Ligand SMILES: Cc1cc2nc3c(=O)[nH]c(=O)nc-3n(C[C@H](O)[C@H](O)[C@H](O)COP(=O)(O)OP(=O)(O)OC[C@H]3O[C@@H](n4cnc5c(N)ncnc54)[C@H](O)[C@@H]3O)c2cc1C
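Listed next as structure tokens is one chain, alone, in the form predicted on its own.
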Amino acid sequence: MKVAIVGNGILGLMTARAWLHSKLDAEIVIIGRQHRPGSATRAAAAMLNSFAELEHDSLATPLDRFKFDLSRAATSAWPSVFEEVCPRGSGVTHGFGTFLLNNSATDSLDDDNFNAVRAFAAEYAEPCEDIAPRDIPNYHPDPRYRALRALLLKREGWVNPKQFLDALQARLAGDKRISLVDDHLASFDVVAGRIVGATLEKGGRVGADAFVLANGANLSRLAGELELPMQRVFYGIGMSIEMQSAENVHTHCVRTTNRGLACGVYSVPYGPDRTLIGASNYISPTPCDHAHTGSAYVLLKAAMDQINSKFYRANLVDINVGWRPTTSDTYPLIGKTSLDNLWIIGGTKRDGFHLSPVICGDLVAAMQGREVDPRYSALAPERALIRNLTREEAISKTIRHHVNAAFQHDFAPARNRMLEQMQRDLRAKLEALHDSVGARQWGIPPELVDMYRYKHIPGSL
């Protein structure tokens, strides 16, 4: 059997790895530019966080619980992945142990999310412990933004994603069943509901028995060419900053809770004298190759204020930009399409790296006709939009996250009714937006408000 995987990011490479691990012999072709333009992994930490990513309402539906089951399974899978791909002495920076902060940089949403992580950890018997913030190695925040509480999640880790991808690709390239094509796929040839071949941008052609689209935020381009009835995938523009300083290297991941429509601020070990800080995020209908100066300012300031004030002495080595693939309903796209031999894995937003050992393995199992969790059917690529928020839940959540983000960015309301007026104004605009798209029995996910406002997502879908 010959399988063509379109995309050489983490999901493409881990899907190839899963094929090699399976008992069915196959020839694998991986198509993607060597430098991976726009890959979400380029801007990743990569944090292997499961509980640390939870918010107080994260597990409100059965589908959200299923996603969390996948995340917990991935946490258990990563130690063996490291042993295989980057054993001790390989030079790939990775480890386990995440310190979660509850600081005073913003409003009470942080408190609610921190309390939720503790409660969910207790519910699932996840190994963790309360720790005095002053005992966190190399944690030196501005006193005004110091954490009052912290939690150590012992199994949640990190890895330098660039080093890991290089190590994984080298391992795959050493197998005679794998071939790497340094190109983009331009178009498909479809006959009678089946892909019979694909044309590359440089003019070559690839034939295969099965095709897998794992090309991240560019998924909609190829899906549109195939006229698949799929929701649109957007570009979640993310940025992280790599710093060099032998004085300020962290031993563990240090991060806040999710907040203000993103994952907060974090610092991750990136090498012997390197630290990565992140992250920023904004949803765009088009790709963006460069970081916004405003995002860089906010990120550097947040890291120095909330994690280590001594970062001001560090050397700025690199600014990483990547595109997190964000679907129109925020849930992943995993499974078979209406074309007989086309499968899709994508739309994972900022969870793709962490989830990859599990979801790539399950995708390959499904391709081979083996049984997988039936709950994957809810994530079918050609599904209708999942609308799990009520109108009021969505509006209230959006207002709360916008206010939380404002306080993170030095918002200081006057000692009058300014905050209440801002909240009322936000509510009125959100009510009008929901009315304009016919959202009466459902709500717009907070991170996608602008995509509805500017009609990138039709309300009738």
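Please read these numbers as outputs of a predicted model, since none were measured by experiment. All residue numbers are counted from 1 along the displayed sequence.
From this point on, the text means the form predicted in complex with this ligand, which you will not see here.
- Stretch 42 to 50 is the contacting one of 42 to 50, 394 to 402, 65 to 73, 415 to 423, since its residues have non-hydrogen atoms within 4.5 Å of this ligand in the predicted complex.
- Contact annotation for residue 214: at least one heavy atom lies within 4.5 Å of this ligand in the predicted complex.
- Contact check for residue 103: no non-hydrogen atom falls within 4.5 Å of this ligand in the predicted complex.
- For residue 6, a non-hydrogen atom is located within 4.5 Å of this ligand in the predicted complex, even though that partner is not displayed.
- The closest heavy atom approach of residue 10 to this ligand in the predicted complex falls within 4.5 Å.
- Distance criterion of 4.5 Å from any heavy atom to this ligand in the predicted complex singles out 239 from the list 195, 239, 167, 178.
- A heavy atom within 4.5 Å of this ligand in the predicted complex is found for exactly one of 185, 333, 233, 147: 185.
- Interface residues of 346 to 372, taken as those with a heavy atom within 4.5 Å of this ligand in the predicted complex (partner not displayed): 348, 349, 350, 351, 352, 353, 354, in sequence order.
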